[in-house]
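This document opens with one chain alone, in structure tokens, the form predicted on its own.
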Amino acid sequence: MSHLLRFVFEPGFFASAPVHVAVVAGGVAAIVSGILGVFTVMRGQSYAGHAFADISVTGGSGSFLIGISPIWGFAGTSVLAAGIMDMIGIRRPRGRDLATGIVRGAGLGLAALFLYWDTTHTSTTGATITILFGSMFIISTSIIPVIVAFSLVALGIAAVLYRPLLLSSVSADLAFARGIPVRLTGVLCLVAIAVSVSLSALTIGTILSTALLVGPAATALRLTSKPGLAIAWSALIGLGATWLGILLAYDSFYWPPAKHGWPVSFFVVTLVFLFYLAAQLASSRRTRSERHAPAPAPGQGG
């Protein structure tokens, strides 16, 4: 057993301070993204989540310019974008997509300018790679309280609005008829999604953060149609992919031929994709089994 553990965990894994920070920061981001991701998928707002990820590039690159932690830029620009998207959008899905596209385009334009300034006017090295692809192993311990605070905000919104969000996700008209403030609920949901994207952008990068938001949720909804159970599955899948990705990334420093290590984000996104494929295959096999199951004999039906 000890030989097996040494094979799985390379020397120094449990004693490494960067690993400890990565486990905490990545775990929190995975849980929040998994929970909010279920609402994102159910409400058909995956494109909005992708837009927040792109807009986070603007905040992250701006943060490097003024010398603050990227998490503040990620969260600030994403939440601001959520408010602007609601202001210029209309209630129909086509109008929401139009508003999302407009805000996303403007954000990417500013991101291009800020990234250019990062590379030409500052002495910061690796800023572009860190913003786009993340790096859990260089997250500072001083940012952990900020990450926890942002996660509590996002999870608090989801907890308070759980039933209104579920009802408005199924039928906005029915929710409105029952006195639920549909627009306010939608705006607060967008804010929570924006915060969750900001957390995942800090850990696996802005480009790949949508994978942690949508992938585990889509996988969970393949496994069950019950929202509460899907939320639990999504959080566990995201957490498992993140922690296993951290382990593989650490072990990769010991893989031949070169000991430079592979990025955590690569492993996390790849694992999320593999989990989704497995759930898809299991769902297809279950559907075929139900389709070919023999019909009950007369008098045996429920």
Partner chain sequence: MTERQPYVSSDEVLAVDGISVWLSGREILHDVRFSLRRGQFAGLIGSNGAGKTTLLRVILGLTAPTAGDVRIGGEPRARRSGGVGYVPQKIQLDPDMPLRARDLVGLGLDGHRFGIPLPSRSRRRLVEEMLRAVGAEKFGDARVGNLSGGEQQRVLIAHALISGPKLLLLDEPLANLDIRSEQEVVSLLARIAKEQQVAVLLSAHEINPLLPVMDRVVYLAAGRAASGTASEVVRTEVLSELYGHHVDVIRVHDRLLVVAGRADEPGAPVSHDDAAPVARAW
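Numbering follows the first chain given and starts at 1. Since the model is a prediction, treat every value here as computed from it, not as a measurement.
The protein also exists as the form predicted in complex with its partner chain; that form is not presented, and the subsequent description refers to it.
Contact annotation: of the candidates 113, 149, 138, 160, the single residue with a non-hydrogen atom within 4.5 angstroms of its partner chain in the predicted complex is 160.
Between the options 87, 174, 129, 108, the residue in contact with its partner chain in the predicted complex by a heavy atom within 4.5 angstroms is 174.
Per the 4.5 Å heavy atom criterion, its partner chain in the predicted complex is contacted by stretch 180-188, the sole one of 99-107, 180-188, 75-83, 208-216. Taking non-hydrogen atoms only, residue 144 never approaches its partner chain to within 4.5 angstroms in the predicted complex. Shown alone here, residue 119 lies farther than 4.5 Å from its partner chain in the predicted complex, counting heavy atoms only. For the chain shown alone, residue 230 is a contact residue for its partner chain in the predicted complex, at least one non-hydrogen atom being within 4.5 angstroms.
Although the partner is absent here, residue 221 lies within 4.5 Å of its partner chain in the predicted complex, judged by heavy atoms.
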